[in-house]
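Single chain ahead, by itself, as structure tokens, in the form predicted on its own.
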Amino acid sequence: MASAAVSGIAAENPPLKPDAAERLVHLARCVEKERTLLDFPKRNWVVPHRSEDGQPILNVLIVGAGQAGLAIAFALLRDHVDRVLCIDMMPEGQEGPWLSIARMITLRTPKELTGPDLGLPSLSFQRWYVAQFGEQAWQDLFQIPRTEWVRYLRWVREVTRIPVQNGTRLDRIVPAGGCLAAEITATSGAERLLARKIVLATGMEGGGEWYTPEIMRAVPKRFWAHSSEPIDFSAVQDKRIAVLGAAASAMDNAAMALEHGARAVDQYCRRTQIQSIQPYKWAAFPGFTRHIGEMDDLWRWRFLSYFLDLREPFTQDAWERVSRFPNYRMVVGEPWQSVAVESEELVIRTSKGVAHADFIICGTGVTVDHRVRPELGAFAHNIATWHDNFRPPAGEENPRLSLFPYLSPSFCYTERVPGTTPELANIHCFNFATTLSFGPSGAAIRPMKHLVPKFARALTRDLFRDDIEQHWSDFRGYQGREFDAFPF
């Protein structure tokens, strides 16, 4: 059943304006004017580096060309950091989860959000949407359609001229004589890219892996799928589907099964109460998103462990999407104890009895653990975690969150044993694993407005500091006189 990706139905859009194409061209010109207006001082300043054999070294290699990777690259280009490259394993236009495993109809964030625009009004989603559909359509819009967000990100990439190499997978990062080597697999085969800094803008699973409950591991794979996987929903017709989990992605998958003709969908929540609080709504203010990462460890742990334990709930429109089906059932307070296959039927034993299903979808989220990331294999043994650096007060322990990496103020990994893997100072984390150190960031849109500029400043600070002697020499040799010397 887990064979073909079906990403969900699309929201219905209003008709395009007859001159929508021309309006987008005009908007792109406005973006360029705003960039130029704010572009002072305009010169590339990062000292170029080469390897011993003369190979050029990138200043920053960004792994991931989704919304976070594009925003970081744009921030660096605006700061005139050259030799920046994004790589992404997906084909152009398929980056991120939006056309594969994201199965919501609209984003879960308010339509007024800003982020990838980085303060340029003409680059905002609102201006882009109005240019195509008109002001009234914007007023009528409730939330951003998922497929329109994809089209917007493509447009951002195009008008900002961000360099991206698609069809490229990062396999491993290794030391390379004072810089880092990214061992990659591209369409042309295996290659090595040299970089001073590598940014892992790798989304939800980029700090670990999608979490599969232990009770599912012995179940043959033809009977179940994780919500992060491609699922052929056409095959659920007339089948009994059990969905494990009650957060946002689990609900989206339950809706997909119902919309594709499942005979029954039972969704299971181990908690006795459905989590309905949206932590992002409280946290979406500059004090928190910009500065929580600057607080001491105790306050970061308290705020962000509470934030992460709340998880992201499903939205009202997601509930309406499933509750209109009479064959849908939400089961609360009934954790699963075992799953077995008996006579080609799934038998699920819960805390309250036995249930039966033909197929299971696990909407069980992610687990953060850098030890399972192949790209970090050369350094995993020495990456410090929160467990290595912080002991919570009694009653506030959380073994799951203690595995999150303990990041430096530059968003880079830190060493458990100082001095043994100094290259970690140049491997920067901007995915879901960033959350416990800096708040919701690498896999969320809302905080992008505040955290991407903060992250870019950290990168430019490091690049300047690492070349400080060369800058001092250049400064002392500077001969840019304002006027000719007086004759006397």
Ligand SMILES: Cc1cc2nc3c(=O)[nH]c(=O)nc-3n(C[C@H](O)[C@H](O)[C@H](O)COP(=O)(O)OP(=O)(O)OC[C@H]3O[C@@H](n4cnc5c(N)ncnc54)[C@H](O)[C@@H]3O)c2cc1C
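Residue numbers run from 1 along the displayed sequence. Keep in mind the model is a prediction, meaning the values are calculated, not measured.
Below: the form predicted together with the named molecule, not depicted.
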query	finding
Residue contact check: L436 to the named molecule in the predicted bound form, 4.5 Å heavy atom	no
Proximity of A201 to the named molecule in the predicted bound form, heavy atoms at 4.5 Å	yes
F325, heavy atom within 4.5 angstroms of the named molecule in the predicted bound form	no
Interface membership of P97, the named molecule in the predicted bound form, 4.5 Å heavy atom rule	yes
Complete contact of F288, I383 and S408 with the named molecule in the predicted bound form (any heavy atom, 4.5 Å)	no
Interface residue in the predicted bound form among V452, V60, C429, V63, criterion: non-hydrogen atom within 4.5 angstroms of the named molecule	V63
Residue among L193, A262, A378, I101 with a heavy atom within 4.5 Å of the named molecule in the predicted bound form	I101
In the predicted bound form, segment of 409 to 417, 168 to 176, 233 to 241, 340 to 348 with a heavy atom within 4.5 Å of the named molecule	168 to 176
Members of 77 to 96 lying within 4.5 angstroms of the named molecule, judged by heavy atom, in the predicted bound form	I87, D88, M89, M90, E95, G96
